[in-house]
Structure formats: C-alpha cells, structure tokens
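Single chain ahead, by itself, as structure tokens, in the form predicted alone.
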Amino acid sequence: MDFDLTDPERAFQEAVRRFGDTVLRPQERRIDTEGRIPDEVLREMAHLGLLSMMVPPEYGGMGASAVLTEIAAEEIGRGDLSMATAVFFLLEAGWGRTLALHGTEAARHEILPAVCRGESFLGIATTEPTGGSDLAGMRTESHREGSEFVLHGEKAFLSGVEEARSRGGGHLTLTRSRGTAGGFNFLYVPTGHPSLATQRFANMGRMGISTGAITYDHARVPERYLLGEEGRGFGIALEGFTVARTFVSAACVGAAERALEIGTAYLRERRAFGQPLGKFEGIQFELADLYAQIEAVKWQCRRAAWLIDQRFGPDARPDAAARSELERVVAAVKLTAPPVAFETIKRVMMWFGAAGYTREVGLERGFRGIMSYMVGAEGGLNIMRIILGRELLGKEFVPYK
C-alpha cells in the first residue's frame, strides 16, 4: 500500500475541502437549526460527483474507489461537524454501491441516476423497534406473489425517512423471507409507496437529516427491486454495512481533525494567568495524545478503504479469509473512530471553558452528532467488539445463537 495520495486524489481532496470550507461551514448552523440540508448544498455535492460516487458512470456515478470515497467522507465530516451531511453522504455512497453491485439492471437504471443527481434519496432499513443489531431476530417479513414481493412489518431508527418521502426515493430493506427459499430478502422499497406509513423521531443531534420509522402494511414491490437472489440477502446487507462503517469512521476522523484545529488555534490565542493557554503542560499533553490517536485511527481507516478496493472490487471473489480480514479491520476502526472523535470534541470544549458549552462556538453540534455513532448507527460499539471476538476466537465463541 502506497500511503501517498496520487495527484488526482490530492486534487480531489482539495476540491472537497474547498466545498467544506465555503459551502458546508457557512451552512452548519442552518442545517442544525432548520433540520434539513439545503437544496443548494445537495446540488453542489451532485455537481462535484459526491453523491453515490462509487456507482459506475453508466448509472450516473463517477465509479470512485473506496479510498477516494473515504477521503471525501473525511472532508465532509470536517466541513459539517453536526454529522448530518456526512450521514446523507455515506448512505448514498455505501448503499448506492450495494445496489449497483447486487441490484437488477432495471433497478440500477431506474433508481441510481436520480440518486447521483441529488434528486432522490437512498437509505438502509434493517433496524426494528424490537431489536437493532440482532438482524437475525427481525420480524418484518416478505413473500413472493407472482412477479411481486409483499412486505409486512416495521422498521425503526432509519435515517432519511422524510427525505425519501419528500424528495423521492426509498430504502434497501432487509426482511425475513416467508417463501419456500427461507432466509432473508433484500429489497428496494420506495418510501412513497401507498402501503407505507412513516413517523419522524426527535433526535438530540444530526438534526439536518431525519430519523424515523416505516410501517409496511402488505406493501407490494416488483421483483426487479430484489437485490441478489431470493432468500440470500443477509450477506449482501452485511457487506453493505462493512463499507458504510468505513465511511462513518472517516467522517469521525474529519470531525476530530476539525475540532482539534479549532482547539489548537484557541490554545495559541487564549491567555490565562499571564500566558497563552497552550503553554500549560497539562493541556499540551492532552493535545499531543489527541493528535496521536486521530492520526492512528485515520490510517487505520484508510487501510480499511484500501482493503475494500483490493479484496472487494466489482470483479473480486473474496474467500472466507479475505472476508474475515476485512471484518476485523472495519470493526476495529468503527470501534475506535467514534470514541476518539467524541473524546477530542469533549476535551476541546473543556479547553474553551464556559464558551465551549455554547452554540456560538459550535463544538456542541459535533458532540451531539458523533454520539449517534457511539450508540448504534451502523452498529454500536459493543457490536463491533462482538464481531472482533468472533473473528479472533471463532464463531463458537459468539455469545448468542
């Protein structure tokens, strides 16, 4: 692995950073207070090719590598500390790739171009009111009736419920198959379907993108919306989560770097007891520790993206050993990146004292947003520990059946 970015990668990184500095940062407070990402932000993201950027060009994307997408996720996390824009980005990036790889040709041409143009939303629906990470215990079911699949059940704590309804689009939905095939079906379900009811939840952070629930009352979707084979959707969903977790981690790295930059500037300028705050050894040590942790997780994250490109490209046929390696690497970075970002933001807020607790400084947006990745989004921290334990010790050590 070459740790140096190529010239095109570096130019792309600079372009996304300019977008973060000139478009996202001026809109941060508006995104957080108005509870939506402005249309002009999404239009500029589409113009730069940032929406579903891993989707091949024939379906409207730029066919980007996972490494390039990871770079973009980092810069977007740096640009909007609230994590709302990062969530929108990583959903389109990770699950757009999944649909491009495993969807039918008809579904790809129908769905992906509008997603890449920012005219439609694509999300993921696996979590249910009775269980989040226990995917095997889900109750939402689907069965085939002729050339359609019929869904019944409920999904909860989904990102982008209102965006998918207002802008158009839907969610890739994992259901238990009630047909002869058994297993799980993975289906694209338009959120504007008449047999769907939606509800919005009131979150503490990430205000710019909605979180809510969807109820399926015998909703019918055409068979062209099935990803992969009937009854074999579980593995496709897990693969999608592996990719999405990598981009979640990258966004956390970007937010941590931004917070540390804010804090470093403050330590240079703020004077207390007759000298700059940065001259106090206790704070210098905190700064050094935070910087070292961010650098470590940053390259851990870059390696995960590199492994996705190397082992899980469009033409790859990874064996069990390759899958296990990627599971370990991604679970480790998802276990590490959110807590490092959270601790960085918390410490920098404390350097600011009372000012750090105000909305004027803006660090609290990151404090609230990063917490979502601690408690469960794309897999909670303890789930990452379970994955690592399973991969390190063997499946017989999984603490549940």
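Residue numbers run from 1 along the displayed sequence. Only a predicted model underlies this, so the values are computations on that prediction, with no experimental measurement involved.
The same protein has a further form, the form predicted together with a small molecule, not shown here; the description that follows concerns it.
Inset, instruction - Using heavy atoms and a 4.5 Å cut-off, decide whether 104, 233 and 235 all contact the small molecule in the predicted complex. - result: No, the candidate spot makes no contact with the small molecule.
Legend entry - Contact flag, residue 318 vs the small molecule in the predicted complex, heavy atom cut 4.5 Å: No.
Inset, instruction - May I ask you to check whether residue 97 falls inside a 4.5 Å heavy atom distance of the small molecule in the predicted complex? - result: No, residue 97 is distant from the partner.
Inset, instruction - Evaluate residue 22 for contact with the small molecule in the predicted complex, applying a 4.5 angstroms cut-off between non-hydrogen atoms, and reply yes or no. - result: So residue 22 does not count as contacting the small molecule.
Legend entry - the small molecule contact in the predicted complex: residue 125, any heavy atom under 4.5 Å: Because a heavy atom of residue 125 falls inside 4.5 Å of the small molecule in the predicted complex, the answer is yes.
Inset, instruction - Scan 331, 307, 116, 158 and let me know which has any heavy atom within 4.5 Å of the small molecule in the predicted complex. - result: Contact check passes for 158.
Legend entry - The single option of 362, 376, 38, 339 touching the small molecule in the predicted complex, heavy atom within 4.5 Å: After the contact test, the surviving option is 376.
Legend entry - Region of this chain that lies against the small molecule in the predicted complex, out of 221-229, 199-207, 256-264, 295-303 [heavy atom, 4.5 Å]: Every other range fails; the passing one is 199-207.
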